[in-house]
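Below you will find one chain, with nothing else, as structure tokens; this is the form predicted alone, and questions on how it binds or moves follow later.
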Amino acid sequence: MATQSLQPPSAPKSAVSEVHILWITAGLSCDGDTISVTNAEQPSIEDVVMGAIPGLPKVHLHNPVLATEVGDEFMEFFYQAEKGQLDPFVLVVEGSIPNEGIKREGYWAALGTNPNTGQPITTCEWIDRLAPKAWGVIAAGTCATYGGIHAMAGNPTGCMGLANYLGKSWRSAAGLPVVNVPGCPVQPDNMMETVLYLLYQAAGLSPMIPLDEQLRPTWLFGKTVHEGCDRAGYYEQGDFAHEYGSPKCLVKIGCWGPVANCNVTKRGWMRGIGGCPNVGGICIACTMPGFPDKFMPFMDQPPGASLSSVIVVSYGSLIRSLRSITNASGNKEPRWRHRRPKLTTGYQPTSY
């Protein structure tokens, strides 16, 4: 995968000892990414905020789903960040970003109330206020990264991903672009591992985070689902599943694994367990920028798969036959292993 060409220094000018994470769940979303991240173990949220990981700055997490504060007490952290009183902070946005400029009245999404007007403060306004002052900005989940389901053709909100809203050339106070961690929902350890990397970078202990052209961490999204899939060997041999429940390759029943960038087949979902093809489900490419429109209908064979699978079948059957011969040979004991009175190993005694 090509990597994004980034010019800023590999670490901030001075390492920090304390970082606030302001997590907005007020995009067009279901809070599924926050819920997913509570299952993370590498690292867990608890390990990060309790200071159990060596070298990390002290972390204060402000997420409305996980916070103990409510109402104005919770919102106070956002006002402090806007005033520069929580520097540095990392802004995490969850949910699609609506286009607030296309409607005649009302609003699409908001967080908190303006004390002067009594009106809701839109999510877009919070992004405009906070993003320029943030040390780093993370888009959590496919809705925040690329718009996701809410941004399908025909939607009334004109919503988009965070990088579309801020612009692909946008940079944070530390010189970082938006860091995209897609997934519907985001894979828990992928998200927390990205947060961990940025915290280490803020502490001056890691270089600039490596991102691909879609601003995804390269070590997480540099390979396809197919490259990590246990079923990939069946594809090579032209041996495909034609119904659910088969252990064979799922391409012919709609799997997008050969072209979708995601590590869930290697990482699993929790503790190495789960992940769509790992448990018999097709990959629907939920980590890709065109999801879901470009990958529908999900249960149909992907375009191009017809030709490639026909080609694979033509030589896969030959490979399978040849391997069956080798397999049969490999499953036989050597002929000299026996209890007969004559030695047949080929050993020749030496005379002196």
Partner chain sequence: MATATEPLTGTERKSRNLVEMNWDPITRIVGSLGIFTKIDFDNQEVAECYSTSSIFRGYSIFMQGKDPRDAPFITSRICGICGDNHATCAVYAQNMAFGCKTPELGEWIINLGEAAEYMFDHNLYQDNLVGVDFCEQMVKQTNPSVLNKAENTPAPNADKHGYKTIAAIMRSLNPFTGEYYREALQMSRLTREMFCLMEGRHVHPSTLYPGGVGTVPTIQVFTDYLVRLMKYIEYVKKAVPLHDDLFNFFYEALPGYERVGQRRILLGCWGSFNDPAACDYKYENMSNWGRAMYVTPSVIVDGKVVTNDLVDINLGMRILLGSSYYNDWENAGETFVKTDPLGNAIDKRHPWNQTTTPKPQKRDFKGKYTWVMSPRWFDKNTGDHLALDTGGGPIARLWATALNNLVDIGYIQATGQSVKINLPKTALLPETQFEWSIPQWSNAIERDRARTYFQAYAAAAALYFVEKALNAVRGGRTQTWSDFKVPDEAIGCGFHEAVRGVLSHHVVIRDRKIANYHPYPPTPWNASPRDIYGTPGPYEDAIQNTPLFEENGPENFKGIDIMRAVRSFDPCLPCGVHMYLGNGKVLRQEHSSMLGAHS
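As the structure is a prediction and not an experimental result, all values here were calculated from the model. Numbering follows the first chain given and starts at 1.
One more form of this protein exists, namely the form predicted in complex with the partner chain; it is left out here, but the text below deals with it.
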{"query": "Candidate site 118, 150 and 270: all three near the partner chain in the model of the complex by heavy atom within 4.5 Å", "finding": "yes"}
{"query": "Interface residue in the model of the complex among 35, 318, 52, 325, criterion: non-hydrogen atom within 4.5 angstroms of the partner chain", "finding": "35"}
{"query": "Contact residue in the model of the complex, chosen from 132, 84, 233, 156 - any heavy atom within 4.5 Å of the partner chain", "finding": "156"}
{"query": "Interface stretch in the model of the complex with the partner chain - options 132 to 140, 203 to 211, 165 to 173, 184 to 192, non-hydrogen atom within 4.5 Å", "finding": "184 to 192"}
{"query": "Proximity of residue 177 to the partner chain in the model of the complex, heavy atoms at 4.5 Å", "finding": "no"}
{"query": "Residue 244: touches the partner chain in the model of the complex, heavy atom cutoff 4.5 angstroms", "finding": "yes"}
{"query": "Close approach of residue 275 to the partner chain in the model of the complex, 4.5 Å, heavy atom", "finding": "yes"}
{"query": "4.5 angstroms heavy atom contact with the partner chain in the model of the complex for residue 90", "finding": "no"}
{"query": "Residues from 60 to 78 in contact with the partner chain (non-hydrogen atom within 4.5 Å) in the model of the complex", "finding": "64, 65, 66, 67, 68, 69, 70, 71, 72, 73, 74, 75"}
